[in-house]
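Given as structure tokens, the chain that follows is alone and in the form predicted alone.
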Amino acid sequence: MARNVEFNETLAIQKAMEVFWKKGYNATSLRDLTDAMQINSSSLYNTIGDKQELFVRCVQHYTDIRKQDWDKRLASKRSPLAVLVDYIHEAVKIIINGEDSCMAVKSAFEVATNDERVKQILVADDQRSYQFLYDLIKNAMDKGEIRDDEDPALLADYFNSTWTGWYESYILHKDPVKIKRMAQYFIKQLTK
């Protein structure tokens, strides 16, 4: 008699997400996914669907994790500027120490141009990222930590775009000093 193995879908999606994140959508094989998830291909098709559906679920999972992180940071009792500066420094560390870049950025360039569902997930993620940054910047302005003669909406949009540029710059040049200097410049501009 066959033994029933309990399937933890969240864990399986996490494992698949890690594979997509490392290899990208196009370079990831079905075998890569089923090996990482420790299931067979028929189980994948029966529980989640095909590779494309799994990828959509993985991108959603990734953006959900980011949202939880942003919510936690916004709820912090620390100064908004300190939270923002820590976030910027952590972003720099991730860019220069992480081999896999940002899954949202990678997915935007590799898949979102041709997949409307992935694009919509990433648009929602981008809007949440903007709101997170806007809230931190506006709160820091209200507390006198950042000059209030700047437009918090423009600063949030600027940082969101700049962040993506840092990834690209590091991928092309592998120059950690350059990324750190750009981050310090951005912080300096906020606090002048």
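Note that residue numbering begins at 1 and tracks the sequence as displayed. Quantities reported herein were computed from a predicted structural model and do not represent experimental measurements.
Note that the form predicted together with another copy of the chain isn't included here; everything after this is about it.
Heavy atoms within 4.5 Å of another copy of the chain in the predicted bound form belong, among the stretches 41-49, 56-64, 134-142, 160-168, to residues of 160-168. For the three marked residues, T10, S79 and H89, no heavy atom of any sits within 4.5 Å of another copy of the chain in the predicted bound form. Remark: N26 counts among the residues lining another copy of the chain in the predicted bound form, judged by a heavy atom distance of 4.5 Å or less. The closest heavy atom approach of V83 to another copy of the chain in the predicted bound form falls outside 4.5 Å. Heavy atoms of L154 reach within 4.5 Å of another copy of the chain in the predicted bound form, making it an interface residue.
V19 falls outside the set of residues with a heavy atom inside 4.5 Å of another copy of the chain in the predicted bound form.
In the predicted bound form, another copy of the chain lies beyond 4.5 angstroms of every heavy atom of every residue of 52-86.
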